[in-house]
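We give structure tokens for two forms of one protein chain below, kept apart as structure 1 and structure 2.
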Structure 1
């Protein structure tokens, strides 16, 4: 018999003379590729015999194709990898099946002659799958690296770009934060305590790192011993802090520290460190509005949690420098720390400024060392009345 043939079912049975063969051999569902079939492909019932494969196409005008097992060329493939393709020597006929028992039937019918080929194909398939998964894993890893690079690269670029923004951005962040915070009831502009704080700030302004910053002071009627600065130069001082200061120079020490936070742009630095990828991407494409809104939230949180220890120390030393160049003894800043340290047990409910500035013992020592390193100077007391401010606060 030829390597393949096709005819009607009746004719092929007549040729073989084995009418019962289709009832006794194993039958599977599969298909056939052949040029004589419309569209070149058709579903078929496949019969495995000890000599050949028979494939009977389904539907009207069915045809029967045969393929000798001795000439069968095997391949594995398909979407599942379990499809068995049986081809003749010139590949003009292909019989295929995906049923699980089909390879075992071929092995049994060929008395093991096809087993080596099956093992070879499965080994090759495992090797191909391993290589495929290896390259898939490498691809996924590269994608993850690229995504991580884009993520952290965008954040890093945004952090650098944020710090190069003009001071007007700090001012907008501080203004938006001040509207949302509502820290308390402010004293009148002409109240002696407000005038005292404003005069001290104006005295220090020329010696600050950014003299033209729009410093604005607000004194809040509240017994908290507290003061804070928002980005852009808005400074809030609570009357509790003024009441516990022993002289105007100590108030100046606190104000110099807060002014330093603004001029060193610690608020904007904290914004850059806290950037999320969405805000960073918005900023990188030119949307500063999202950055300002995000920055106002960070500024409000900074008031409650304070800055890092490094930032606080930096503000201490910059504040001490300002005091020194303004003719005010920087020791006043350390003195206020000392007062708060000694009165800490008496002020557990109202002590805020020191409680948000940790490690004040170390900072007092740092301020003293820094003062000793400065050139000799003749310090002058401020000609401002702290007593009047205290008196008027008590009358509120």
Structure 2
């Protein structure tokens, strides 16, 4: 039969027989709540014995408090959530301690009697913590949703507002982009190629969506088969494109497409889509300068990359419409794509106009379908020849 006897350390004189001796007292630092202490609370050294908890307050007027383990009611809490509170039955005395070994000392001193209560308290605390996490996560989510709403709301509003800006903003952006990008060496104003391209543009102008747009033509001495338009109507054509075209109608097809980009204001659309939140907010409070600076930057990038697939198709159809009303067969546009398609494999590096205008098979059939849907019209050939321009380009 096993039995226990307690002795104060140092008082055991001798042991006989089969007796295990172990030290059961352990000291911790903690505190006491009791009405007899000034302010009701004091720090204390706590001794855990198998019978009771002893707490000796620190400082002057030290007092000793004792709490029977059999009466001890446990609670967990404190700033760390790990503090153990032991109260007597009427809660007039509370001894508390945060040290790590304290729960284990209480458990072994009470021979496991307090273990169930500890388990219960810990699971309660866990559930309270998870509830707090739940509300904190909900709040974070709410904040994130509000921020995202503000962010995308501002962007969407700015996009709508940008599209209602006057054409003069397009021109300003185009002008700034043309200064900063310096596309290459332009041919003289009187050069036959420049004259040819200008004539075609002037021929198409009355049929464009914005006839009084400031269309300006620059022909660049460059073997790339390329042409592009800046916002506001500046159109750049590379000599390589003229060299590869079979007739003036095909050049007109490309020009109609580029003019359509300008009149459909794809540049500004691109600017509004790439707006950062800072520029959008500046713009919404009335600062158009930042938008124009940003626009000229985007305009430079967007001609080097490309417009969206939808914008290209839109420009194709608007170009085809212009050609049709101008009495030019829109099929010429498709023909030029066809030429480019066949020569694509041979001249991959220089065909940048095609490479930035992908999927020309789709586009050719799209243009064809659109042409078939148009009312029948009498198409007249343009009274312009590419021969002079091609010859003069070759002499450069």
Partner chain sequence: MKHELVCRPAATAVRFTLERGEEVTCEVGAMVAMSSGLTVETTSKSRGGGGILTGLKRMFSGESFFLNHFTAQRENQTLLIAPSMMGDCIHHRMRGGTLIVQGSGWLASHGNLEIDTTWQGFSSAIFSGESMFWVRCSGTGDLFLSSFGAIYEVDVQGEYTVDTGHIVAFEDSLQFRITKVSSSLIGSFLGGEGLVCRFQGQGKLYCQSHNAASLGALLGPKLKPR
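Remember, it's a predicted structure, so these values are computed and weren't measured experimentally. For the two forms, the rigid core is made up of the largest set of C-alpha atoms that agree within 1.5 Å on superposition. Residue numbers count along the first chain shown, from 1.
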Lone-chain pair; form predicted together with its partner chain identified as structure 2
Checked list 148, 80, 134, 123 for the hinge of the rigid movement between structure 1 and structure 2; match is 148
Interdomain rotation between structure 1 and structure 2 (smaller rigid part versus larger, whole °): 19
Where the rigid core has been superposed, how far does the Cα of residue 139 end up moving between structure 1 and structure 2, given in Å? 4.7
